[in-house]
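Let's start with one chain on its own, the form predicted on its own, as structure tokens.
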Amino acid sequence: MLLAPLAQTLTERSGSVPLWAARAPGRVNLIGDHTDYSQGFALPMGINLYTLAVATPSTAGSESIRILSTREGEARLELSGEDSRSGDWTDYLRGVLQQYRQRGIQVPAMDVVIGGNLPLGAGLSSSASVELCFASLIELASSQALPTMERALLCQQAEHDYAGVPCGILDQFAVSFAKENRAMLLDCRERSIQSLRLPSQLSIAIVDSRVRHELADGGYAARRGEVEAAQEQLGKSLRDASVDDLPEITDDIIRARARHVISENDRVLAFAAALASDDRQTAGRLMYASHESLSRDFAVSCDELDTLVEAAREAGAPGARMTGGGFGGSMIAFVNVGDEAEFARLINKRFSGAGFGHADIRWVEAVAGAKAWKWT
């Protein structure tokens, strides 16, 4: 359903039907934020909100990739010479393309239309999704498939080099390795993944705060710098630290940032154990504790997200927390099956009553990771 309009637009622009298609899911992090760049643990899943693309070989004899994003506009990526950063949404694509070119992969000239239903800036990894969608498309078009892990790391490096976001591996790995009906325990040091069943009799809600975050604006990098400062003072990764080490950190802010990461790693492992035993009560309690830590110790929440989480608690949701890098974005909540309508009513009542307007609620399922395929 989502691909058909993109295919029609491509044909109208290029005069040709699509030859290749690709899609990549967004991701929601059930627990474990700002732990990945200190070799810690996270527990994400792919969600059924997607970035999609269709493409056909260019017939104009150009040495470029002509792109139309149905949400962002038009762009042209050069296939010869240096394609420098432009400071906008195209940098996610330019960075990916340059990574393939640096590996000597001959990317063909093509016309591409990109769209989808994954909201932008909502803390659901739209950046990694568009990177992996485009990367999968490039590999199919060039007949040069990379191993899944190498592709994920390529996209992470592209985001560092071109988008200016010093992200860890969480988003790219989640979008790449996601499995249907499963969450994943991601060990960011070992780069290993353990597949986990989701709790039974629970629906998963994502509620958009509508506060759009821009991780490239410095907040994310500042938090990463504070985590690195804590590790420098302790002389070890926060993955290897405990709360007993915290008194060694003299700065109050740096100590608070470290306390979040250390305690969050513990919560992720406890959450994974709760999933394994289908212990919804413990899993939910850990989600609320994670939000409290992100809001107070790591200071990446906002009034809208705090209001949503408190509303979810009042609505009887077993668990809820902000998700993603923060500074806006979305809340994820576990909701008992059968309570969805009442949950939505109470969330909207509290959110609008606080002056934040209508709450945008999406009900999501766990889906498989990025892929590309021939259209015909």
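None of these values were measured; they are calculated from a predicted model. The first residue of the sequence shown is number 1, and the count goes up from there.
If you look for the form predicted in complex with a small molecule, you will not find it shown, but the lines that follow are about it.
Which one, 220, 92, 288, 100, lies within 4.5 Å of the small molecule in the model of the complex by heavy atoms?
Exactly one residue meets the criterion: 220.
Scan 167, 246, 141, 272 and let me know which has any heavy atom within 4.5 Å of the small molecule in the model of the complex.
It is 167 that has a heavy atom within 4.5 Å of the partner.
Counting only non-hydrogen atoms, which stretch in 27-35, 334-342, 310-318, 44-52 is within 4.5 Å of the small molecule in the model of the complex?
Of the stretches listed, the one contacting the partner is 27-35.
At 4.5 Å between heavy atoms, is residue 324 in contact with the small molecule in the model of the complex?
Yes, contact at 4.5 Å.
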